[in-house]
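In structure tokens, one chain follows: the form predicted on its own.
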Amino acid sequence: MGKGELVCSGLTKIYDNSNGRKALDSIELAVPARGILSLIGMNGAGKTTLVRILATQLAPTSGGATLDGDDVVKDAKRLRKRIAVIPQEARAIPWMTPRQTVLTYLMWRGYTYGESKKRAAEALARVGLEQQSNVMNRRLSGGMKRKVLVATVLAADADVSFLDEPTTGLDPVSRRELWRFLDEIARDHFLILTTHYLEEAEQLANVIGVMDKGKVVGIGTLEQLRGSLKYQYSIRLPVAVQLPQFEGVATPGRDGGVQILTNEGEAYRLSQAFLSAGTKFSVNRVSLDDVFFHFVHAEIGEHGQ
């Protein structure tokens, strides 16, 4: 368990009221503690539980984890000085302003008033809240309140930041602005984020962990995850049609469409056949969506579609 890595060894969590069901089931992983690690999965996959344990907020039932050499249980006090967290359930305090929220948090972490004031102003400007910095949080939109929390954590300049669904509630433009900010921060920090937006993980993550039923069922770069699929091309049909014989796999979706995974030669042949028949379709290299469906055996349209 060396320095510079996030390592989980047999990490297991069983909640008292779960009738023995494992929220985390013997997780084993080792990834570099730099850049962005994105955890994706269906509701109940275990993402938030894993983040809470790694952020020293929750004790595992068995197994363990180290972050940059520090044990998340035995060295929790030392780790807490180096990490910052946005929990999924976090809310901006209604009777404070964004500036007060960030300023208070930074001073609590030990920054001087002058440094806290400077960092708060910079962070709020970076997330687009410069004009709202003195408006009561209760008067802000849901997306703006989320930005206050993001600014609060990122202003701390912590070595490791945990962001549990940080862009929930943001409009598409604000979400992409935040992506750019997170990408900059990750150049010399380690960010661990969970997300329901597969595009977000695809755009941001250096390493992607796919979780299902308390297990990490796939982990690696996007290219590594793509390489785990037998077929590298995806054809999507908006409606079910009679398919010719082909090498690959066809999966029906809840929306009535069909997804075909196949190889390059077959993708070309099928495309020619669909064009000749006037059938609507799209063809692409397999995406993170395809990878996700492969690992969790979900139907098309079930997650983020």
Partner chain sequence: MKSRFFGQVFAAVLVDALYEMRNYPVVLVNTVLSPLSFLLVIAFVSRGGLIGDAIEGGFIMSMFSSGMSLQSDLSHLKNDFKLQDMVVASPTSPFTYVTGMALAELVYSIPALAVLTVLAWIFIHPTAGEALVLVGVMLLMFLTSIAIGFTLATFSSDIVQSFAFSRLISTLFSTLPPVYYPVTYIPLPFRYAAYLSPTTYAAVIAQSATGFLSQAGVSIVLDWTVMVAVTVVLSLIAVKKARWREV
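Each form is matched to the other, and the largest set of C-alpha atoms that superpose within 1.5 Å is called the rigid core. Please read these numbers as outputs of a predicted model, since none were measured by experiment. Numbering follows the first chain given and starts at 1.
Omitted from view is the form predicted in complex with its partner chain, to which the following refers.
**Q** For the three residues A121, A125 and H196, which mark the spot I'm curious about, does each lie within 4.5 Å of its partner chain in the predicted bound form through at least one heavy atom?
**A** No, none of the three is in contact.
**Q** Only one of E115, D183, D188, E130 comes within 4.5 Å of its partner chain in the predicted bound form by heavy atoms, so just point that one out.
**A** Among E115, D183, D188, E130, a heavy atom within 4.5 Å of its partner chain in the predicted bound form occurs only for E115.
**Q** Going by heavy atom distances of 4.5 angstroms or less, which of M211, V72, A201, L178 would be at the interface with its partner chain in the predicted bound form?
**A** None of the other options qualify; the answer is V72.
**Q** I'd like to check something about T262: if you look in the predicted bound form, is any of its heavy atoms closer than or equal to 4.5 Å to a heavy atom of its partner chain?
**A** Output for T262 is no: heavy atoms all beyond 4.5 Å of its partner chain.
**Q** With a cut-off of 4.5 Å between heavy atoms, is K13 one of the residues that contacts its partner chain in the predicted bound form?
**A** Result yes; K13 sits at the interface with its partner chain in the predicted bound form.
**Q** Could you tell me if A55 has a non-hydrogen atom within 4.5 Å of its partner chain in the predicted bound form?
**A** Contact with its partner chain, yes.
**Q** Does any heavy atom of T104 come within 4.5 Å of a heavy atom of its partner chain in the predicted bound form?
**A** T104: yes, in contact with its partner chain in the predicted bound form.
**Q** Please name which of the stretches 132-140, 203-211, 166-174, 224-232 has residues with heavy atoms lying within 4.5 Å of its partner chain in the predicted bound form.
**A** Checking each option against the 4.5 Å cut-off leaves 132-140.
**Q** Rigid core aligned, does the Cα position of D75 differ by 2 Å or more between the shown form and the other one?
**A** No.
**Q** If I superpose the two forms on their rigid core, does the C-alpha of Q224 end up displaced by 2 Å or more between the shown form and the other one?
**A** It does not reach a 2 Å shift.
**Q** Does E199 move appreciably between the shown form and the other one, meaning a CA displacement of 2 Å or more on the superposed rigid core?
**A** After core superposition, the displacement of the E199 C-alpha between the shown form and the other one stays below 2 Å, so no.
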